[in-house]
Structures are given as structure tokens and as C-alpha cells.
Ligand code: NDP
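Only one chain is included here, represented as C-alpha cells and corresponding to the form predicted alone.
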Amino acid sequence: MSSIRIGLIGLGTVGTGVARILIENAELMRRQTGHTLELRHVVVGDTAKARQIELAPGLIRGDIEALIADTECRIAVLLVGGLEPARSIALRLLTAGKDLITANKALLAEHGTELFEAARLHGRSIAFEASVAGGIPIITNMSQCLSANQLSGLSGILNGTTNFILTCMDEKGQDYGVALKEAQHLGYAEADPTMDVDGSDAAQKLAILAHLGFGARAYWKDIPRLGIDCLSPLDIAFARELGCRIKLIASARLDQGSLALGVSPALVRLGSPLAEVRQAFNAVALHGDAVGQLFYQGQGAGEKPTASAVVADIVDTVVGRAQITFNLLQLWSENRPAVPLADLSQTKSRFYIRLTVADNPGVLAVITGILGAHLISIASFLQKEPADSPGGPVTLVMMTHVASQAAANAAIKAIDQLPITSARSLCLPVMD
């Protein structure tokens, strides 16, 4: 039985999990691939750092030169985060004739075209199952198992940090700041959580899925996104009163040949699959014209779930499936027809609107007049008694009938300019 050499760049949480699986499940890997998978190079930034796994002496190195020079090592697993030096390392590995496996979604979202062209130029493949949704095999399912389907829509909870925070706000009544601190304490959120909580991380992952499932060439920064830091416990409570739960939803919807992409908190009906995804779990709902509705749920981060996806890519690369898929899909290629992107402002849904206005006679008539002028009809209305004296700020919540995003945005802008409005209003889509 022949031996396949593997190089691993990065020995953090996920890298440790990959090394552990390759060592502890060596016999299983032999049965899956017909080869012995030999971890030959482990490249780290600090060779003196204590590790959570014991590796053979001399295996850990401080640079990639030995890996680059090893012509018998044809598979490289890049588990370095960020854009640089990850991009430079990836290009060197591909140029050196290595098939690449990565979990770095930011790298793919930012430099996918450059990297995939380099892989094609050198006859190599790139596998990236772990870049989206951790242990959920969504990349494989979209690229292979659902190849007989024209996808019409995708809705996902693609960020475990924000889902954990929203779960704390919903189940414990915590405000956003307290829930964020708990997420940081448990290791779900970084010291700087901006990319998670402002929707950027979900937008990067959505850009990858949209390209894979629909052929869309969307730069992730161009995807409209709203984060969860605008939410208060009031929104969580009002949503529950309305029979919903708020989730950060990344969505892609194909309509009349164009694709609408967006990331935003949204109200999701209690009891629906996405509404019941708790803690740091991820989920993706898909609709195909042949198979109908599908739902995938699992752990979106962590050592074992993400390492599971990485090792699955290693197996696919060893047996040749990754190369076949890579060549056929022509991802990030000008040769692949692109689906045009829709103007998200023209998409339609129902909306949850939360206003903070003076508790004066005639206020409601002014607000409903503005909504009516923008052809927005109110389906239901909630108001809480003012906490202070009459005439002080009061919270109004409205659920609308179906309207366009453009109309909702224009109406909210007009309402926020009124002297009776004392805080910025919130408008969220409702998933029905």
C-alpha cells in the first residue's frame, strides 16, 4: 500500500484536530483511500509553543521551504487565517505543484479568482469544504449531490457567534453586550468580534455559496448586510410575541433569472427549522427544482467538526474526486456563465418595524400616513405603555403586509426625520 505525504500549515484549533484525526484514524483513512496518509510536514509560526497534540520529533517546522521543496508531498492543507500571508503561501504551494485544501473563507471570498486561476494553470485542485458551516458538508452537497437541480433559494445561519448571542438574548433575556461578553468568555467570539456581529463573516460565506450554487460573481463587500448589534431585548421579546424568533440570515433568492443576496437579522416563525437552531450551530436551507426543500444543520466551528470537513477534503483529493469536481465546476472562472445580481431594494417581503416616538395625540396617524404614502399596509400593531410620563418616548411595533425593500427603506428614512421620533428605527424582513 503506497504512502501519500501531506503538509499541514497551521496547528491551531482546527489544525490540531486534523492532525489528530490523521494519526488516530489512520486505519480508517487507509480503508477510505487505499493509501497510508502520512503527515510529513507541519508548519507553524512558533515552533517553541506548547501544543495540544504530541507529534513525531522533527515534524514541526517554522517555514514552508521543506514542504515546498518536497516534490513527493502533493497535498497541502492551509489552515492559516486572514489574507496575508495566507494568499502568498497558497500561491507558492500551487506553483510548487501541491493540491490545496483550505478552511479560509476570507481568502476565497477575497482572492478566489486569483487562486483558482493559479490552480488551473498548474493543473492542481482546491478543496474548501471547511470554509463554510464547519462540519456541515454543504459544499459537497451543493457541488455534487444536488447537481441535477436548479437551486431557486438558499437561507442560512452561517455564523455561530451571532447565533450563540441571539440564543442568549432569547433564552436568558440578556442584552446584546452581556451576551457578547459571554460568547467571548466561552471562546465563541474573538476579542474584536466585528466581522461576526456586523454580518461580514456571513457575507463572505454567502458569496462562496452563491458562486457555487448559482454561478454568481458577487464580491462579498457588495452584498447588503446588517448586523445584530442593532438589536435590543425588546426586539427579541416583540418577535416572540409575534410568534417569531430573530436569526441572522444569509439569503440567496433566484427570481426571473437574477439573484438577490443579503445578510440581515430576520424574523423566523417559531417551529420552523431555522428558528430552532440554537447556540453556536449553523444551518442551511436549500430548495431545488427536483428534490424540493432540504435542510442541513450541524456545528459550525470547533476543532472536531471543522477538522472533519478538512479531512474529508483530503480523502477526496487523494482518491481523485476533488480534481474531477474542480475541473468540471470551473469555479471563479470567466468561462463559467455568471448569473446577474438583482437589485435587493426591489425584493419584497413582510417587515417588522420598531419605532420610538413621542406618546402624543396624532402620532400614529402621521406614521401610518407615511407608510401609506409608500404603499406599505400594516398587518398588526403592538404598543407598550410609556415607562415615564405621558408624552415621553414610546415603542411602537408594526408587522407589515408584503412590500418592497425600497419602499420600507424610504418610509423608515422619512419617519426617522420626524421631530416626534427619538431614536433610530429598526426594519427587519420576515421569513414566511
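Bear in mind that the values here come from a model prediction, so they are computed numbers and not experimental data. In case it trips you up, residue 1 is the first one in the sequence shown, and so on. Here the rigid core means the biggest group of C-alpha atoms that line up within 1.5 Å when the two forms are laid on top of each other.
Omitted from view is the form predicted in complex with this ligand, to which the following refers.
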Using a 4.5 Å heavy atom cut-off, which stretch among 296-304, 242-250, 137-145, 218-226 contacts this ligand in the predicted bound form?
-> 296-304
Position in contact with this ligand when the complex is considered in the predicted bound form, options Ser125, Ser308, Asn104, Ser155, heavy atoms within 4.5 Å | Asn104
Just give me the single entry in Gly320, Gly177, Pro273, Gly187 that has a non-hydrogen atom within 4.5 angstroms of this ligand in the predicted bound form.
-> Gly187
Would you please decide whether Thr13 lies within 4.5 angstroms of this ligand in the predicted bound form, comparing each non-hydrogen atom pair?
-> yes
In the predicted bound form, does Ile412 have a heavy atom within 4.5 Å of this ligand?
-> no
Does Gly81 reach this ligand in the predicted bound form, with heavy atoms at most 4.5 Å apart?
-> yes
Leu37, heavy atom within 4.5 angstroms of this ligand in the predicted bound form = no
Within 4.5 Å of this ligand in the predicted bound form, which residues of 38-72 have a heavy atom? Give them in sequence order, or say none.
-> Val43, Val44, Gly45, Asp46, Lys49, Arg51
Does the distance between the two CA positions of Ile53 reach 2 Å or more between this form and the one not shown, the core being superposed?
-> yes
